[in-house]
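Before any questions on binding or motion, here is one chain by itself as structure tokens, the form predicted alone.
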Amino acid sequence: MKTIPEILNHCAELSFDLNFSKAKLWKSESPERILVGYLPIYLPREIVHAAGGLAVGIMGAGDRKQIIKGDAYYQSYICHLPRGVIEMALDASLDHFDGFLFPSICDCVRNLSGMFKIINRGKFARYFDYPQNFSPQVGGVFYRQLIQTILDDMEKINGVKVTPEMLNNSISLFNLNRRLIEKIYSIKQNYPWRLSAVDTYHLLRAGLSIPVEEHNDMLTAVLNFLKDDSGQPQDNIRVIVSGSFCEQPPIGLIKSIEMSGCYIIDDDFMLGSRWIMGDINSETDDPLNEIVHAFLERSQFSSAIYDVGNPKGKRLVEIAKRKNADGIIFCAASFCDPALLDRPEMQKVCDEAGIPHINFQFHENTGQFKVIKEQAGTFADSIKLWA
């Protein structure tokens, strides 16, 4: 059994292994195993697991790879993530992947699915178009047909036909994964000094490139560690970071927020891992139907989803009040249209609720954080002095 520092160091290595060595090694151990890469934000990983596959989160190149070829595929006035993903596809990073899924985050990611077909990466590349109509008779039917299409794509590769029993088993494993993550966040809400935001980030991101069974073991070990009193509380404010659901902030930025005097008690960095709230029924004859209804009825809010009947600002304020947050940091990638277009309305709701907030933008390859640290530090001081 590894110690907690060893587990967290291992997670840090897995998080930024742009060659996905562990996932490719896992695949090589059996001819039926397949790798399906997906971009943020959410994918029902249960269906890939049930088909004998591993859903691998592709979170971009960050500040770990120089983007050269990728810049030729996109205009300059978009976020950094798509260019980094193309760069990875054009070198050896995504070799041995069998398929790719591109969730409907924005138009830039939509175009990536076509580009992957043009450059002939994977045996299939699909745009995973979430329903924007949350009626079971409309969006539910559409979503189920889409999931079935992906199951058919994978069956053509490895010949595995997913049964209800296989899917129920996968659902139960990911139910446990989400429960463990939420328990860790629950402890961090009350004792944020026991696990830093950077370590939490590494812990969740590592789970996007290893089997869920292995990740559950890691989460269990860290959770047991967090139950014991450790660390020393500091005079920091408690903040929620919102807006980084797709392109990921550099680790240096997360550190800068913490060093400025802020405990990050909640965030949307790895939103896909926490997308479904509560368990999905894993004891049913129609588990596919349960996955569909979980998405329609118990999804987290996101700027990538148009849920007009369930205002995002109201839901963010509810989280802030429930977690007793001192303020909200709106932290979005530059040129991220979904997040930046939602921000004014969400800030308005925060103002009405009397919740302090601040905002700034980043690139995933941002190298300087002094200004951001100063902004966050001033925000923290103002709350301590006058809130």
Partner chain sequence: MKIEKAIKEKSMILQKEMLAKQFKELSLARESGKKVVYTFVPGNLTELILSFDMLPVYPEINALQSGMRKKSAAYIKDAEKIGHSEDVCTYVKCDIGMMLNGNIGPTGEKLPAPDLLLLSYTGCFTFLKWFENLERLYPGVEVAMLHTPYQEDGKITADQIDYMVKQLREEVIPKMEKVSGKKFDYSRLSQMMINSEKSEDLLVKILESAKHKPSPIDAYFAGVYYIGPMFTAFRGTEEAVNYYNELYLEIQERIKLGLGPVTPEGEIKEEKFRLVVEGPPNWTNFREFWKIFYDAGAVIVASSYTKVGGVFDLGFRHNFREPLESLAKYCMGCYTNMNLPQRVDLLSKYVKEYQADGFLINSIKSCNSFSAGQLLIMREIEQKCGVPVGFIESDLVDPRYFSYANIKNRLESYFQMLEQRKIILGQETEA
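These numbers come from a predicted model, not from an experiment. Positions refer to the first chain, counted from 1.
Separately, the form predicted together with the partner chain exists; it is not shown, and the next lines address it.
Although the partner is absent here, Phe335 lies within 4.5 Å of the partner chain in the predicted bound form, judged by heavy atoms. Using a 4.5 angstroms threshold between heavy atoms, Arg315 stays clear of the partner chain in the predicted bound form. Contact between Gln75 and the partner chain in the predicted bound form is found at the 4.5 Å heavy atom cutoff. Among heavy atoms of Asp129, some come within 4.5 Å of the partner chain in the predicted bound form. Although the partner is absent from the chain shown here, Gln137, Ala304 and Asp307 each have a heavy atom within 4.5 Å of the partner chain in the predicted bound form.
Contact annotation: of the candidates Ile276, Ala125, Leu195, Leu176, the single residue with a non-hydrogen atom within 4.5 angstroms of the partner chain in the predicted bound form is Ala125.
Exactly one listed residue, out of Val85, Ile265, Met154, Ile105, brings a non-hydrogen atom to within 4.5 Å of the partner chain in the predicted bound form: Ile105. Per the 4.5 Å heavy atom criterion, the partner chain in the predicted bound form is contacted by stretch 66 to 74, the sole one of 50 to 58, 316 to 324, 66 to 74, 23 to 31. Contacts between 138 to 158 and the partner chain, taken as any heavy atom within 4.5 Å in the predicted bound form, involve Val138, Gly139, Val141, Phe142, Gln145.
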